[in-house]
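Single chain ahead, by itself, as structure tokens, in the form predicted on its own.
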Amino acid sequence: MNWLKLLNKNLATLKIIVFAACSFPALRLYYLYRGDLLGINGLETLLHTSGFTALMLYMLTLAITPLRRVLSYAMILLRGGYGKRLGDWNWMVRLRRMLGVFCFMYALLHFLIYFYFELDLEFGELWLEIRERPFILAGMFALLLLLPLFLTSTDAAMRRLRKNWRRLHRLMYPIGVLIAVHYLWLSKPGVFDAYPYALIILLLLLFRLLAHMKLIFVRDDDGMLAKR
């Protein structure tokens, strides 16, 4: 698996590629907005793109830990020469922080677009909208819980918080539930587009919970991954 070794050795290049990919939706929206090319319902385009991008980035961030375990276990089953150790997939972990930061930025952009273009920065209108549309409240709570994760995403914060850093970042679990609820509640009756994404989030959360409880993908006596 020479390509895996190359990924570990060329992490800086990979980070640039991921940064460019994460930035593209925002740059595209800015280009469409400046060129008046958003279409008939420009606000819907802005809201959908920013919100959907935040959702994708959240799921990617959440998927890295389970994916590392699955890929390592797969390499053991396939008797691969490389990739058996979780450390062989550390390049994925080093991308997680960037994905999480971009997730927060797009979630914040999603809210600001709604607050500025739809509500004209009126907090009174926001309160009325929350009362009539509970899915907005779920989304706002998810954004508020993402804020401390964003603020503690630096190496300095990790060193300062130590073990509390991991405890704090377990907020990813309730955030996932709130995101799923947000998408399910905003769906129109008879429209099931949000259900697959909600299911994926719940499955990822369940996987991480079971792995944390050491019910799946634990180490055996030989240091290999195994199911209990």
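Start at 1 and count along the sequence shown; that's the residue number. Just so you know, these numbers come straight off a predicted model, no measurement behind them.
Here the subject shifts to the form predicted in complex with ligand HEM, a form of this protein not shown in this document.
Taking a 4.5 Å heavy atom cutoff to ligand HEM in the predicted bound form, the contact residue among Phe135, Phe150, Trp91, Tyr73 is Phe135. Shown here without its partner, the chain carries Gly51, Phe111 and Lys188, all of which come within 4.5 Å of ligand HEM in the predicted bound form through at least one heavy atom. At the 4.5 Å threshold, heavy atoms of Leu29 stay clear of ligand HEM in the predicted bound form, well away from it.
In the predicted bound form, ligand HEM sits within 4.5 Å of a heavy atom of Met140. Of the heavy atoms in Met172, none are within 4.5 Å of ligand HEM in the predicted bound form.
In the predicted bound form, ligand HEM lies within 4.5 Å of some heavy atom of Leu55. Figure note: of the listed segments 127-135, 151-159, 79-87, 93-101, the one touching ligand HEM in the predicted bound form, with heavy atoms no more than 4.5 Å away, is 127-135.
Residues of 171-192 lying near ligand HEM in the predicted bound form, listed in sequence order, are Ile179, His182, Tyr183, Leu186, Lys188, the criterion being any heavy atom within 4.5 Å.
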